[in-house]
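Before any questions on how it binds or moves, here is one chain, the form predicted alone, in C-alpha cells.
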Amino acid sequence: MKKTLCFYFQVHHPVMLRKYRFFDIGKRHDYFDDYVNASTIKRVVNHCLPMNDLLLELIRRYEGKFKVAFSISGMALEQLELHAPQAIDSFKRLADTGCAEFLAETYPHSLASLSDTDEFENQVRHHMKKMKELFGQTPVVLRNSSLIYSDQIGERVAEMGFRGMLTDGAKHVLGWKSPNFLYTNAINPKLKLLLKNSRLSDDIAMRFSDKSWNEWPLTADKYADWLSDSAKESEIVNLFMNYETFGEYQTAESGIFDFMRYLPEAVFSRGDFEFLTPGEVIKKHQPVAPLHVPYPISWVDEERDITSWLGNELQTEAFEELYKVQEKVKRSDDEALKRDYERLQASDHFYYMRTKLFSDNEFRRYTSPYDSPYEAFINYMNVLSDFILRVEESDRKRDEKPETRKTKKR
C-alpha cells in the first residue's frame, strides 16, 4: 500500500486595528484601519497568488493525483472579497478540480475554543456556511486556529459531528511515538487526528531560504528522499504550513515556486507516496492509538503551547474581558456589533501582546504592527473598552423594549 503525503495550507489575515486612543473611547467606533488592511492584503496576494496558479497547473498535469487542502479564515475571505476578488476566483477554480479540500475553522481565527462559552461552536458554524457558499463544500475535518488542540477541544469538535481534526505532532505529547500515523481523540475515539510533521514542514516554511542552514539549498529530489526516509516505518507524512510561506516569507527569488513545481515529480518518481487530502486520509487509514493531550498545544514556538497568546497578565486580562460580554453580544440584534466582536477575537491581537522571548523563527518579529507588547495591549484595551460600552448600551435598549419586558415577567 502506498504511503500518504498530505499538504495543508493555512490562509489567514486579521482585520487590523487602527491607532485608537483613550480619548476616542465613547466617541469613535471605527476600530479598523481600512488603508492598512487593503494595502497589506493586496501585497500578500501579489506575492502569494502565483502559488494558486502553480497548484492548479500541478493538479492538471498529474490528472488529479496531486491534491492539497486549505483552511481560509473568515477574516481573510472578507478582505479578499473586498480588496482582491481575483484571489477568491482562484480558490474557486482549485475547489472545482475536486483536488482541493477546504477545512472548517473558527471564522475569525480566534481563541474561542479556550473559553467556556459557546462562541467556538458559533464561529465554526459561521465558517462552514461560508465554505458551502463560496466553494460548495461541507467540511468534515476541522483545523483550529494555529492547530490549537486538547482532549477537551477535540471532544467538542467530535460532538459537532466532525470526523477529523488537525494538530501539531508536539514532542512533549508524542514522546517516543511518531507523528506519521493517524491517532484518535482520547475522550471520543470517533474523532481522528492528523499530526503535523514539524521538521519536514518547517524545512520548507522556515528554513528554505536560510543560507546558513547546513542543508541549503533544498532541492525537490533531496526533499523527496527525506520524505521517503521519514515514512519507512510509518504511513502518513502531514506537511502543514502557512500559505504565506510561498511568496511572502520565502520570496519568489528564493526559488520556492520552482521547488514546489518539481516536488510532485520527484515524489511520484520514487513510487512510494500518493497525495491525499485530510478527508481522504481519515477514510483510508486506521488510527493506531488515542493521543492524550490534557493541556492545549499549538504549532507555535519550540514549546508548542498557547503561551504566545495567553502567557502573560496582559493577554489574560484582555481575553477574560472579551469573553465576559459574549452572552450580551449574542442577545443583541445589532449586526455591526456582532461583526466587530468577531473581528476583535482574532488570535493575532493577543499574539501582538506576547512578552516571552522569541523561540519561534525570527520572521515572526515583523508580523506585529506595534513597537511593543504594551502598546498592543493598550490599543486593544482602548478599543475593547469602547466596544463594551456599546454592548452595554445595546443590552440596555433591548431590556427597554416592551416585548423584552413581557418575556422577562413571564
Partner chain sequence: MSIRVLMFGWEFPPHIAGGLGTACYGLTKGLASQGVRVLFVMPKAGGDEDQSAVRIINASDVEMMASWTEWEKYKENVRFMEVGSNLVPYMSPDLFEKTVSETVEGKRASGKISYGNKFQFSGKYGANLMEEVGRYAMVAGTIAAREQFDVIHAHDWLTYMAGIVAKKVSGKPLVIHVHATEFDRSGEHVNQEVYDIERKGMEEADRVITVSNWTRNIVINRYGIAPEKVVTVHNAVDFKNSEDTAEERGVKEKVVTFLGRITFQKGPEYFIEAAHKVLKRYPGVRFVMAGSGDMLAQSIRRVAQLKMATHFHFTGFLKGDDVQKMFRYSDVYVMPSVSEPFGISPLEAMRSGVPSIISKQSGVAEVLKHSIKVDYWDVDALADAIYGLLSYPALAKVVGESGFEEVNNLKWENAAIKIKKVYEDLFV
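Remember, it's a predicted structure, so these values are computed and weren't measured experimentally. Positions refer to the first chain, counted from 1.
Another form, the form predicted together with its partner chain, is not on view; read the next lines as being about it.
With the partner left out here, its partner chain still marks one of 344-352, 379-387, 57-65, 39-47 in the predicted bound form; by a 4.5 Å heavy atom cut-off that stretch is 379-387. Its partner chain is not shown here, and in the predicted bound form it never comes within 4.5 Å of any heavy atom of residue 116. Put simply, residue 314 is close to its partner chain in the predicted bound form: some heavy atom of it is within 4.5 Å. Its partner chain is not drawn, but in the predicted bound form it has no heavy atom within 4.5 Å of residue 391. Contact check for residue 371: a non-hydrogen atom falls within 4.5 Å of its partner chain in the predicted bound form.
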